[in-house]
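First comes one chain, alone, set out as structure tokens in the form predicted alone.
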């Protein structure tokens, strides 16, 4: 048995909750979650442990390289970047150190930086940029919230332990037991986690996702005392919406939760903005906050690092020697479709399934061991997974803290930061 066989208080990097209470075991280099794991963490730990020795070798043009394997693959990748007029760095699924190295290399190469989740990030950021918002933290939700309204999401599909960690938690700061109420608003399929430990059922207000903007607008009208002639909005009666406003107005600490990835319809940012304006108004008489859920695929980590290193959020171009932010023209999908870039560097150190989009341009992939491709990249370098193969840091969904990731096993895989640093030295 490996000397690191059993570990407690392990941080999981596979969703934006970044739960830090897992227990794991390691036997013959295979990791298993033994306590406090969810469906996502158990699957990810198991899949990343099931790789063959041959999967650990870099490949150039689809063939494993020979002597000095890593150095040869890095040299080939450096040659591609050296000959590139406009490279695109995408994926960006790595930890803080990896992302810092990527931004430095992008500055050297004049690359465009984008994350596959940047369209969802932009929906939230556009609201924050245009009108601001009042949001809260995980700790505040755990310790204070007595009313939680989930808009357009069941939370648990993307964040399996949301209710366990933030809602039905047994430990909190105050001696008084919180009697929480849960409300679902939207096209919600899975409402079971909203059932309280005492059996109290959540309130479910079904409506089409794309009509949520109309619902939020009506809620704002009701909250501000404006008269509405209609008897229903988007299939929801005005009486039901009035009762919801009454609940929010009488709550001691209400929280409105949304997962921006679930609000994927035209002009969804206007729905989010209307929600945030409702939160602002409610704070005139009570305490209400928003909780935007995200952080899967380390998108928030990539965005946080880019913002403090470059001064702009994703996606951003460094092609002209200075940062240029454009969330509409600098997305991976549009750049590849328009032929606006000539080399792709893709980074995915958490999931072997997150492969790059199909492209005919030269490509370099820094990905999980065992990653399979429809179109083999010109250079593939298997890299370590933060929180399994090496230590690091990752931001959780509320972005107020970067949690530490611990090394749980040893192997020959290099960290993303190491590979990117070696690449930069050759350019």
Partner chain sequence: MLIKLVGGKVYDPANNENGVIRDIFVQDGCIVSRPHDHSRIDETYDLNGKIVMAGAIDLHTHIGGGKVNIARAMLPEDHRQDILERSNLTRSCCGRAAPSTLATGYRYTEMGYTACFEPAVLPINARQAHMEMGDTPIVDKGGYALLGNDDFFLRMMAANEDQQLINDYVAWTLHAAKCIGIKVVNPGGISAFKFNQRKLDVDEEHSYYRLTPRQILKTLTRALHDLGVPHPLHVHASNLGVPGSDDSTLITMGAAEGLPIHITHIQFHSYGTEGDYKFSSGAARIAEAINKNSNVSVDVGQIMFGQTVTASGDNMSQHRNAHHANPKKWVVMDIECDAGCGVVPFKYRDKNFVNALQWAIGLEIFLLVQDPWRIFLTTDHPNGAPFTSYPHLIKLLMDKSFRKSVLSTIHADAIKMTTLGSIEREYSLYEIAIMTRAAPAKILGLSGHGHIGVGANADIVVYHTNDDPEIMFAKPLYVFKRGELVAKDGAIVKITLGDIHIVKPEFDGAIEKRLRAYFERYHTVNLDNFKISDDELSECGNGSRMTIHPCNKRPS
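These numbers come from a predicted model, not from an experiment. Positions refer to the first chain, counted from 1.
There is another form of this protein, the form predicted in complex with the partner chain, and it is not shown here; the text below is about that form.
In the predicted complex, residue 260 touching the partner chain (heavy atom, 4.5 Å): Answer no; every heavy atom of residue 260 is more than 4.5 Å from the partner chain in the predicted complex.
Contact label in the predicted complex: residue 197 to the partner chain, heavy atom within 4.5 Å: Close contact is absent here: in the predicted complex, residue 197 is far from the partner chain, nothing within 4.5 Å, heavy atoms only.
With a 4.5 Å heavy atom cut-off, would you call residue 59 a contact of the partner chain in the predicted complex? Residue-level check for residue 59: no, no contact with the partner chain.
With a 4.5 Å heavy atom cut-off, would you call residue 284 a contact of the partner chain in the predicted complex? Close contact exists here: in the predicted complex, residue 284 approaches the partner chain to within 4.5 Å, heavy atoms only.
Sole residue of 358, 27, 400, 43 within 4.5 Å of the partner chain in the predicted complex, by heavy atom: None of the others qualify; the residue that does is 400.
Heavy atom within 4.5 Å of the partner chain in the predicted complex - residue from 336, 119, 318, 178: Partner contact (heavy atom, 4.5 Å) among the options: 318.
In the predicted complex, which of 198-206, 100-108, 178-186, 348-356 comes within 4.5 Å of the partner chain (heavy atoms)? Result of the contact check: 100-108.
Decide if the three candidate residues 36, 55 and 158 all line the partner chain in the predicted complex, where lining means a heavy atom within 4.5 Å. Checked in the predicted complex: no contact with the partner chain for any of the three.
Interface residues of 292-324 toward the partner chain, as seen in the predicted complex [heavy atoms, 4.5 Å]: In sequence order, 304, 307, 308, 309, 310, 311, 312, 313, 318, 320, 321, 322, 323 come within 4.5 Å of the partner.
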